[in-house]
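Just one chain follows, in the form predicted alone, and it is written as structure tokens.
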Amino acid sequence: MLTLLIFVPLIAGIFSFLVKGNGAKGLALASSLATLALSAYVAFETGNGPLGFSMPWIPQLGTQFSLQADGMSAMLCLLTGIVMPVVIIANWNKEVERPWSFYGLMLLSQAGITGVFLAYDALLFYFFWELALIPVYFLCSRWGGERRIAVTFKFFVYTFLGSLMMLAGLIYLATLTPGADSYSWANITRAGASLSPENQSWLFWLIFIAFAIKMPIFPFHTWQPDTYEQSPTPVTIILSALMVKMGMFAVVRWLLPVVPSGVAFWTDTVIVLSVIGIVYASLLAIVQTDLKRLVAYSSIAHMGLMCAAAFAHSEVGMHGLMVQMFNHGINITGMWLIVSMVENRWGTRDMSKLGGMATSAPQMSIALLIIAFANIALPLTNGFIGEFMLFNGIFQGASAFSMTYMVVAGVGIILGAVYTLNMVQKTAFGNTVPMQVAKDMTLNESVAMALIVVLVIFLGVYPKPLLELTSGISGAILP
């Protein structure tokens, strides 16, 4: 079952290159719906315990094709399974140049992202990490905006250099205990824990920088706003809803248990960088007039809060992190869909040239308001329970400065409400600006947005399914 989660989009993506015309779009939708069904089944089955699969891969290197799904992995696979068909449905009526290549690359990126969440072998993890990156590079550089080449090159260099540093760290750990399974997760964690605190201290950064770039957190974030702005909306959603979760997931799976002494030594440093990023990104979001850049900086602020909670060494914070990874992926997908609809109808993302959407497109305005409330973690939306647990976790953290961290992060939340509600005010209300495409949400857009809104409200009112899926994992991760 776990292999199907990877190979269904992988094989469908390869076949998409052979399908001419818009048939690739239908194949992509069918594949994504099948993957969604598989991911839902895996999430259900992990309620009875982790699922695993392993077979020899490259025994000469001590690596195996090893997959495992616990509650956290299953939850992120489910998020990937939900986001991909929502993106395809929302963009169903839009013409894409060379659709067979576009949808083929989208499916290959899905296969890579899913593989990252399931890999239980370090070399296999690195393989899928790169498999997810390469299709996104081509998607951005081929279908992006006017500055796509320079922006995409910067994105690729940042992430690729970080990945090479991570690979060097993993190889070093594997060579400490050579054997048939030297790259297995269990062996890597044993090797890391056996190192002296001094060695763990430098090895921490060798591995962490790759994850910090991918999330991204301050000051490794500089590639993100430009890349989000220049990428086509479906690719932006893949980047912000799914690929940033790869970095956060990797911290939990491949860093915290691998170099525990290094993590303990650098905890305050990482939390300080995270809370600086929260306030810094929030302040930048307040002064933005471009909707895409505003949402991009908003994402940096939210990821900073999650990263701070990850290093707080609190079980409730870690549990909240897992829940919020899913909820943020849902919310940011809805926000990007709204931004795309606005740009398509008004021909601009400049908020100073927008207004009156509540009059001319009431359905879009209602969806925007619900997503905005979730973005600021209003109670009864899915963003509330996760952020509450994150703040609780930071407050209960092992650091002597936990209270200070929580207060500064709280300032970021207040600023988040300022820029989010300001965006709603400027876009939905005020004087009505005529639409270039005089139509509210189309049927396919309504279906995609309805799925997002239902999840926002359902998980806000009844978060128990997510809480149960990820329960017990925090205690196994934290020392």
Partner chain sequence: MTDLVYLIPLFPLIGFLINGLGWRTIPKSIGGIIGSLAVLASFAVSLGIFFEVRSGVSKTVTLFDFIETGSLHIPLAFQVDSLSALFLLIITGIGFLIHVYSTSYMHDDEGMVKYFAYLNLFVFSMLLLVLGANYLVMFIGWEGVGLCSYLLIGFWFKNRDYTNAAKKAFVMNRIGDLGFLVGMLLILYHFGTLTYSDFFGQLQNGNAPVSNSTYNWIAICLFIGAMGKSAQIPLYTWLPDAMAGPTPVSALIHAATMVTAGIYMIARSNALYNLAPAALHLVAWIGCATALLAATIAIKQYDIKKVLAYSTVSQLGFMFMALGMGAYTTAVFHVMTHAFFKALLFLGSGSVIHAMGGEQDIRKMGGLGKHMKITQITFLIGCLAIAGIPGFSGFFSKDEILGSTFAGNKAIYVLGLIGAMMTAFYMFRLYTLTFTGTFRGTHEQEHHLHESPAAITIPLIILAILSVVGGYVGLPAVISEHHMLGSFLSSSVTNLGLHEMEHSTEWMLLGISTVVAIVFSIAGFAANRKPSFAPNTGLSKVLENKWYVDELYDSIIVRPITAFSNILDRFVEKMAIDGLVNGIGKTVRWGGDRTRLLQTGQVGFYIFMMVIGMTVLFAISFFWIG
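Residue numbers count along the first chain shown, from 1. None of the values given here were measured: they were computed from a predicted structure.
Keep in mind that the form predicted in complex with its partner chain is not shown, yet the notes after this line are about it.
The contact with its partner chain in the model of the complex, taken as any heavy atom within 4.5 Å, belongs to H221 out of R349, R148, H221, R345. Distance criterion of 4.5 Å from any heavy atom to its partner chain in the model of the complex singles out V418 from the list V418, I58, L33, A40.
This chain is displayed without its partner chain, yet in the model of the complex the stretch 421-429 from 42-50, 421-429, 444-452, 23-31 comes within 4.5 Å of it by heavy atoms. R98 falls outside the set of residues with a heavy atom inside 4.5 Å of its partner chain in the model of the complex.
Heavy atoms of S141 never reach within 4.5 Å of its partner chain in the model of the complex, leaving it off the interface.
R190 falls outside the set of residues with a heavy atom inside 4.5 Å of its partner chain in the model of the complex.
In the model of the complex, K154 approaches its partner chain with a heavy atom inside 4.5 Å.
Relative to its partner chain in the model of the complex, residues W266, T267 and V275 are all farther than 4.5 Å at every heavy atom.
Although its partner chain is not shown here, in the model of the complex the stretch 349-375 places heavy atoms of A358, T359, P362, Q363, I366, L369, F373 within 4.5 Å of it, in sequence order.
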